[in-house]
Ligand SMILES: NC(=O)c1ccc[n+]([C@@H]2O[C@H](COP(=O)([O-])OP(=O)(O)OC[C@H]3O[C@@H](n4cnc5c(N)ncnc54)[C@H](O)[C@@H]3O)[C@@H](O)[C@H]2O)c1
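Shown below, as structure tokens, is a lone chain in the form predicted on its own; questions about how it binds or moves come after it.
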């Protein structure tokens, strides 16, 4: 079995590695030559615990190689980004480009699968493109949609053990896709159709966005009411049927912060709760930035000097290097734009360097700072001790004070 993975990012590369580890000959395709070079050298270009050793093993054994162009295979997987445009409309141009790139290689009996998060109906649109260009393949290849369900930082386990939803354009396509994923997935493989599978992915992340929005809105209310939101949530969750999530400084990443827009864009009149949750989570990042700026102004008025401010964390979630759609990065940028020559120390322990921010060691920043804004709950930050001499804005529950 030979498979071609179009995209070697946070999802495509780990999936390709796991598939290669289970005996599938993999060609991994990426438009970034540096990613291809690093992959072929057995070096991981993302942060993901434990998977670099696997990469070295499958590259050395010849089971995985990376390229900037696709090759003939038995199965083709679209694992490329699906961002949104400026007006929050989904952009499936990457999926289309990847699809068109494999068009010359498709042959009778092949499997074509989209894993990229996509608006409802995308699989049908890509199928139409394929058959318009290659009409001889009509009813001769298998087309399906199978969204990923993995958590960065725990990819190795979740790729193998999580259930997967697999929706084909027809029953034969669903069965063909299940036959492939069964080679390395130990979780249950759930059959459905392509449209339901597409909507399922969007529903999962929109549901989480709504739940996070409740926690974030609650944190703003508690701040105004003088209530410790961390204690409140802990007590409320003692109820046997209540499970409130922990608030943060917003929602980031390429899934939860993006996928709800795929629903609200296509169904604007029907998706009021989903749209409101997006507004709340976006507002929470703005609110956090305003809190930091107000703290800086109060410090300057009280002490007659500019404060040193530590912005702790740029990643969108703890213990990863992923800055996509990160509210922490947004907050840091907003604070720096209005800092009026204050000394801003930017901290991100999972990133060695950044082309915009000059990064500072977290211990040094914490010790030097007059104001500390905890934006991302990295494990390193939890080793720090509370200091009454500093203004601490704990937006992500490092101290839960």
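Residue numbers count along the first chain shown, from 1. In this text, all values refer to a predicted model and were calculated from it rather than measured experimentally.
Just so you know, the form predicted together with this ligand exists too; it's not on screen, but the next bit is about it.
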* Please state whether all three residues 80, 201 and 324 have a non-hydrogen atom within 4.5 angstroms of this ligand in the model of the complex. => yes
* Asked: Of the residues 90, 168, 152, 252, which one places a heavy atom within 4.5 Å of this ligand in the model of the complex?
  -> 152
* Asked: Of 264, 117, 173, 206, which residue is found within 4.5 angstroms of this ligand in the model of the complex when only non-hydrogen atoms are counted?
  -> 117
* To do: Look up in the model of the complex whether residue 110 has a non-hydrogen atom within 4.5 angstroms of this ligand, and give yes or no.
  => no
* Hey, in the model of the complex, is residue 30 touching this ligand, heavy atoms inside 4.5 Å? -> yes
* Asked: Any of the heavy atoms of residue 235 lying within 4.5 Å of this ligand in the model of the complex?
  -> no
* Asked: Quick one: is residue 392 in contact with this ligand in the model of the complex, heavy atoms, 4.5 Å cut-off?
  -> no
* **Stretch from 209-217, 126-134, 274-282, 95-103 whose residues place a heavy atom within 4.5 Å of this ligand in the model of the complex** => 95-103
* Structure fact -> Near this ligand in the model of the complex, with a heavy atom at 4.5 Å or closer, the residues from 2-21 are 6, 7, 8, 9, 10, 11, 12
